[in-house]
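In structure tokens, one chain follows: the form predicted on its own.
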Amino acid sequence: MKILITGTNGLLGQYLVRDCVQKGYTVVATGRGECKLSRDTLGNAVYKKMDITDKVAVETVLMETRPDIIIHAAAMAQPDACELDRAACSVTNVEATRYICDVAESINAKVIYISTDFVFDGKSGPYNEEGIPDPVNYYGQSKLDAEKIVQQLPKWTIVRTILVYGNILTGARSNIVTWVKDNLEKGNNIKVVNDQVRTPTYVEDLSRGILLVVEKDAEGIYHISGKEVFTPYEIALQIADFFGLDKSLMEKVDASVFTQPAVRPLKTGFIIEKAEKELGFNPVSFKEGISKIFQG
């Protein structure tokens, strides 16, 4: 089976390439620029430059490689940037998905689309797959619009996830764990919101969950995340406790303290019973995730 993955220079993309190669799949890794994956991560996968916003490039690469499955993980994922540049967000998250889906249908490829909790308004979380999407910002709306495009295909799966954390295999990228740890180690005071709710997701769990979708040929919508519901402040407390850092440096605040272009949904979080039952998905605890990041 041949799998093409978009966004392979990113955190999730790197793990997907590694895990798909280890499972014995023929892998085409794609990204907008030069390959950032190490030789160990890339393995016997082939890397091809593909700007998903370039319709001709998408058509050329997909027609040339003709994958059986396309895991579409690339996106413009910063909510504030999406709010400030809606045109770029629309092209990257919506139109690019349309380009990919148009070719996928013509070559009879299945699309596995990686989406987000931000398709929900955050008024009644945690959500299962039957929850009614109602985004409160443009990023969430763009991902929902892309979901609707994917759902027009004969073969599709949507995997929604939340607040992904973990070590990037090549390069450097901050996430909530490293941000809290680095600031507290430097003795910096930080403000952390306590009126939002999420279920943080360890990147290796997410990659494994997506591979379960591939292996079981699962279709439909799946929520794949951690199973524990926390506020960001509670997440920060766990990180401080794990490393024995000074919790007095953390100030508990509500979201109104921050002036951000994009509104955040207050309480999302996922109910993952469907993924547990149908896929056999079993994520690690947040504490185990932290341990894996820093102790291997």
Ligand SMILES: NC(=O)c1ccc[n+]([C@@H]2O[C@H](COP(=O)([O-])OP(=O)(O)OC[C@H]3O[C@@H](n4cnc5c(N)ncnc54)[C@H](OP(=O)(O)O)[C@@H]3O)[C@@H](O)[C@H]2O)c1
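Throughout, we count residues from 1 along the sequence that is shown. All values derive from a computational prediction rather than experimental measurement.
Just so you know, the form predicted together with the ligand exists too; it's not on screen, but the next bit is about it.
Site residues 63, 67 and 111 are none of them in contact with the ligand in the model of the complex, judged by any heavy atom within 4.5 Å.
Though the ligand is absent from this view, in the model of the complex it lies within 4.5 Å of a heavy atom of just one residue from 207, 157, 97, 161, which is 161. Site annotation in the model of the complex: the residue of 279, 21, 11, 284 reaching within 4.5 Å of the ligand with a heavy atom is 11. In short, of 73-81, 147-155, 191-199, 215-223 it is 73-81 that has heavy atoms within 4.5 Å of the ligand in the model of the complex. Interface membership of residue 53, defined by any non-hydrogen atom within 4.5 Å of the ligand in the model of the complex, is confirmed.
Put simply, residue 7 is close to the ligand in the model of the complex: some heavy atom of it is within 4.5 Å. Within 4.5 Å of some heavy atom of the ligand in the model of the complex lies at least one heavy atom of residue 32.
Contact annotation: residue 139 falls within 4.5 Å of the ligand in the model of the complex, judged by heavy atom distances.
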